[in-house]
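Read the single chain below, which is given as structure tokens and is the form predicted on its own.
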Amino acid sequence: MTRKIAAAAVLCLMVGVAFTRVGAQSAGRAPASGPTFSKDVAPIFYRHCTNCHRPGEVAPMSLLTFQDARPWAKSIATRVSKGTMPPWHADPAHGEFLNDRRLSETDKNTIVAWANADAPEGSPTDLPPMPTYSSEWLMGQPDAVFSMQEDYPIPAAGTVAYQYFLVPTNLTEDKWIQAMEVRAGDPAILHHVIVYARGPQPAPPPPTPAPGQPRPAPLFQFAEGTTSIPAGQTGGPPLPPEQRKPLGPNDRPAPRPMGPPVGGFAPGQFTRVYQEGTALKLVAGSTLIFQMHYTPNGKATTDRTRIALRFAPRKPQTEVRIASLVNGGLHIPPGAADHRVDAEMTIGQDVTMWSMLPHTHVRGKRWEYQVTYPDGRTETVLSVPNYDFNWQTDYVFKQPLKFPKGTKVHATAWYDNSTANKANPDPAQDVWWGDQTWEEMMYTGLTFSIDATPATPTAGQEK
């Protein structure tokens, strides 16, 4: 069962929701009143689809030409009308997002009408110029590409613990990451990647307050009941020595320290581009640490994953950072069809929240984020009523959210551990936090920045 889940996850990770091919039919010319590929459908595909649906990319087929798209017309219309393509899972009643992939109703209706009219080509003279892609990278041409230093062997079967690979950057000056993208050497066996950046010097300890002065509040204060990650799992404390498994010749254990995360790759989340004027700092001399989760699929192979970075031309106005909100103490009973798990934190400084990325494994079914402001107002800032493990989206707020000091962020995830969940590895089992896909997580990645403290007025200045 584990191998089947891993294979299904990788398939959806790399190709999205696969279309069902229909038999190719002869290309007729449409009546003048109906939509045609050349005039009406191709512009939609070029704007929304062909970045992935082109030769050599992650989608299962190309949509660049009429000959490419015509055999799939009915299936495309079905997926588009259901809203499963392009994939988007946030509730439009709560928030607006820069990376909203949904088609407009006009575009949906155009595609459906074209397919229902036997998908005519129309006049080739109506076809707009085909888009060009100057780089193998979805984000565009990178400034630097960093690769694992070995072809790491993946066995045909079994469980592979998280592996860690050190990649020197050899940067001689600080850089500011404007965009990043991770590409697998063998996407068929890669579940996720998190890339950390360890600086050449350890991070300095927080300053000690002067005698008699209170210690400053932590940036994030986690609520009682929001439990840390268990020992022995990634992000948690180490197991006692007597409980640790001996390392094998192909084990690449986690180094200490790790440093802050700077990017990653998860099912459906390939790239991250930060807004103009914001970027993530990469310190000179940093070593990148690739955390790799591999899922054997029945065939022995190797992997050498890369990360591409595009740098901002200068130091940005705003430095973005990455944090997380988790509940590592989750426990989902056998057969539970709608089990709730909560996590909460209080923010200790004024911050701006740029995005939220909810993450569970295959039992996760929906998410909701509620924010309570210091004045008592409560707002739902993100709702994902149909969470899909195969399309894990970093929801980037169209208008970044201002969270004053004292704001509470409450995350709730629901899980389906019943037989009705077709992706469930074993509904008869208790489920706990764990690294592997058949275990579970309750994790939210947060992209934020710390707001500048207003300057204290001096004599003669107006407040």
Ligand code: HEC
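Since the structure is predicted, the reported quantities are computational estimates derived from the model, not experimental observations. Each residue number is its position in the shown sequence, starting from 1.
Note that the form predicted in complex with this ligand isn't included here; everything after this is about it.
- In the predicted bound form, no heavy atom of residue 412 sits within 4.5 Å of this ligand.
- When contacts are judged by a 4.5 Å heavy atom cut-off, residue 182 does not count as touching this ligand in the predicted bound form.
- This ligand in the predicted bound form is approached by residue 101, whose closest heavy atom lies within 4.5 angstroms of it.
- Heavy atoms of residue 48 reach within 4.5 Å of this ligand in the predicted bound form, making it an interface residue.
- Stretch 83-91 is the contacting one of 274-282, 379-387, 218-226, 83-91, since its residues have non-hydrogen atoms within 4.5 Å of this ligand in the predicted bound form.
- A heavy atom within 4.5 Å of this ligand in the predicted bound form is found for one listed residue only; from 72, 137, 369, 146, this is 72.
- For the options 427, 34, 404, 60, the one in contact with this ligand in the predicted bound form, meaning a heavy atom within 4.5 Å, is 60.
- Heavy atoms of every residue among 53, 79 and 391 are located within 4.5 Å of this ligand in the predicted bound form.
- Along 272-301, no residue reaches a heavy atom to within 4.5 Å of this ligand in the predicted bound form.
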